[in-house]
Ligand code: ATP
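What follows is a single chain, given as structure tokens, in the form predicted alone.
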């Protein structure tokens, strides 16, 4: 009996009819002004909870109503899911015609354009995409071969090198400046680091590899350089209207791309909130949104201020908090919702009391009818929830902590993908190195020799089969040759082709997994999931590109954030909470040096971003917001002693007046019952007097 999955074709999608859109009735005044804007650049400054997604969807609908062909509208978002959600909502407004709107992430759109136009610019269309882990591994090969690491001095490791490289590409900050600001201990190696980067770039090109940064960099080169002007003009002419979500999260390179894409026209709509710009560590710059009116002369600016999420008392507090920002678009969020109490500013004696309060209050709200999944505890960094996690576990309160290992970062998933990548691109040195080291009897030296032998024969498909393996590795070498020959012999496209390839790989790999890793069953389940995902793709190249650009979110290796319908409390960093909302939010550790983080205290720009991050955390709350401040901090980094802490500088006296101050009572010990007779058995005061009385020393 065949074990191949049974194909089930999707049902033909029904044609959705266009409905009459009443912009005046369905949008508020500012939303309507933004959605129905005519030609030219437009900046929509959308405060937290003001309906930015709704406004963007209605703008797409308006453009289609005005006669713009849907296929000539490009919607750029930071997740494919966000684009799909917006386009699905647009379809409900204007019908099935909106399915032709081009939507996706910056990286996904870059990939699509480079496959189409890259060959004309010297980039072969069958390139392989490196994820961050693979890019770091390739950087390690460049680090080793460049011969720059002096054993007497510490040279930056592959992760640091890749971070510096990526930050330089995305921000245009010179490598030397990045080293001075972030890695001063490596400044003497600036020239050697440049050699590593040169080798890394050459290796990628020789092996037909492209990393995430290259996707954007090549796109920018095509649309902005004179040498590629003919190609760039054709790319720009594909679209009459470009819309960008979360513009405050774009980096310098993405801003360059948008400018190049608008060389043919100026029809660029960007939506964002300068007060929620919190990703500088990823290369994002707040300057893009703040400088938009200057970069695009004559741009219209529409500010959305009516909030549909939070109560007015919560908005009063958050408006005051962000009003202290050094530079911002002025806006005052308001709501038509009535009622609501002031957010709480809770002073706790120490961390244990803070934890007890949070847990007790969660249980109280839960008993009043608030589901656990509608409550969240937020913090600046993951380690700050350790004590809380222990208490929640002890009290039997289910919780989910957002963060953890992404699906593609799991070692066993990367192993299987390495086999597929080598079968698709025989020059993929990183994947070759990974799968060779998996095989029994093959170590570093044999793997390196095999790769050198293939390189000498310009990666000919039969080069590995002709390599003479040492005796201890011959069995593994033969098994791998047979597998790769079988993969090459099978069609790389067609229904079920990718899933069948994974079945072949697992016939060899599953036994390797059992010997190399612990927790075998969850890992095998991950591979089952990978196989199921693969069954939805018709070609290996398509599958490898899609899974690299928009990877599944989770792995069974670690906990992860999800959209689980289970009634569980959410614990999350402030960064991971962006874009979400809950009925009740607890922001813990509002202590200077904790929020803002101590490492930001000497940098004005970092302090401003920390302020925006606290604003993002507080504006997640719909009905209840509590900010906690333990004034005694037990800090082992300062000698394992208590120290008096200071309330976060962001909650100054003016901001604090918008809160209801709450002081937690400390339970007192049970008093001695009145009238109870106590008989003394020793007079300790007499003993102390005797110690200092001549001749009356204690015996």
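What you see is a predicted model; the values in this text were computed from it and never measured. Positions refer to the first chain, counted from 1. Think of the rigid core as the biggest set of C-alphas that the two forms share within 1.5 Å after superposition.
Omitted here: the form predicted in complex with ligand ATP. The next part is about that form.
Flag residue 26 as yes or no: does it have a non-hydrogen atom within 4.5 angstroms of any non-hydrogen atom of ligand ATP in the predicted complex?
-> Within the cut-off, so yes.
Interface membership of residue 40, ligand ATP in the predicted complex, 4.5 Å heavy atom rule = Because no heavy atom of residue 40 falls inside 4.5 Å of ligand ATP in the predicted complex, the answer is no.
Contact between residue 373 and ligand ATP in the predicted complex at 4.5 Å, heavy atoms?
-> No, residue 373 sits far enough from ligand ATP in the predicted complex that none of its heavy atoms falls within 4.5 Å.
Answer with yes or no whether residue 648 is in contact with ligand ATP in the predicted complex, where contact means some heavy atom within 4.5 Å.
-> Output for residue 648 is no: heavy atoms all beyond 4.5 Å of ligand ATP.
Among the candidate residues 434, 167, 620, 204, which is the single one with a non-hydrogen atom no more than 4.5 Å from ligand ATP in the predicted complex?
-> So the residue touching ligand ATP in the predicted complex, by this definition, is 620.
398, 440, 579, 470 - the one with a heavy atom within 4.5 Å of ligand ATP in the predicted complex | It is 579.
Spot the stretch among 235 to 243, 480 to 488, 453 to 461, 306 to 314 with residues whose non-hydrogen atoms come within 4.5 Å of ligand ATP in the predicted complex.
-> Contact criterion met by 306 to 314 only.
Pull the contact list for 50 to 73: residues with a heavy atom within 4.5 Å of ligand ATP in the predicted complex, in sequence order.
-> The stretch touches the partner through 50, 51, 52, 53, 54.
Rigid-core frame, C-alpha of residue 116, shift of 2 angstroms or more between the shown form and the other one = Shift at residue 116: below 2 Å after core fit.
Flag for residue 580, CA shift 2 Å or larger between the shown form and the other one after aligning core | Result for residue 580: yes, a 2 Å-plus shift.
Superposing on the rigid core, do we see a C-alpha displacement of 2 Å or more at residue 224 between the shown form and the other one?
-> It does not reach a 2 Å shift.
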